[in-house]
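Form predicted alone, single chain, as structure tokens, below.
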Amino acid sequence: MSDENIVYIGNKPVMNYVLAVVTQMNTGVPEVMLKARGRAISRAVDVAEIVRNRFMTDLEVGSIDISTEEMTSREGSNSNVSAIEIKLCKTE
């Protein structure tokens, strides 16, 4: 999957990411990947559900992958951060 089909979820309002996904899908892309880490995971799930239920009812969740990434802080200490990838696909 190319980088232009990936929407990275952060601290912006949910509807900004919903608009990004809908815009990607309307350009003819068959699937979009949502990626989030840490506290943004719940926002990524919200984006996927809002897009599926309100804007594009012909989408389905292709796959959901969860993982843990080890982050190194500026002080040098390591901490584990959860991550999620949600693939949204158009149905035929």
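Start at 1 with the first residue shown and count on from there. Nothing here was measured: the structure is a model prediction, and the numbers come from that model.
Below: the form predicted together with another copy of the chain, not depicted.
Another copy of the chain is absent from this chain, but in the predicted bound form, do V45, A48 and I66 each have a non-hydrogen atom within 4.5 Å of it?
All three within 4.5 Å in the predicted bound form.
I'd like to know if R52 sits close to another copy of the chain in the predicted bound form, meaning any non-hydrogen atom pair within 4.5 angstroms.
Yes.
Going by a heavy atom distance of 4.5 Å, is V29 a contact of another copy of the chain in the predicted bound form?
Heavy-atom contact with another copy of the chain at 4.5 Å: absent for V29.
Spell out, yes or no, whether the shortest heavy atom distance between S82 and another copy of the chain in the predicted bound form is within 4.5 Å.
Judged by the heavy-atom cut-off of 4.5 Å, S82 is in contact with another copy of the chain in the predicted bound form.
Please determine whether I41 contacts another copy of the chain in the predicted bound form, using a 4.5 Å cut-off between heavy atoms.
I41: contacts another copy of the chain in the predicted bound form.
Which residues, if any, of 14 to 33 lie within 4.5 Å of another copy of the chain in the predicted bound form when only heavy atoms count?
The stretch does not touch the partner at all.
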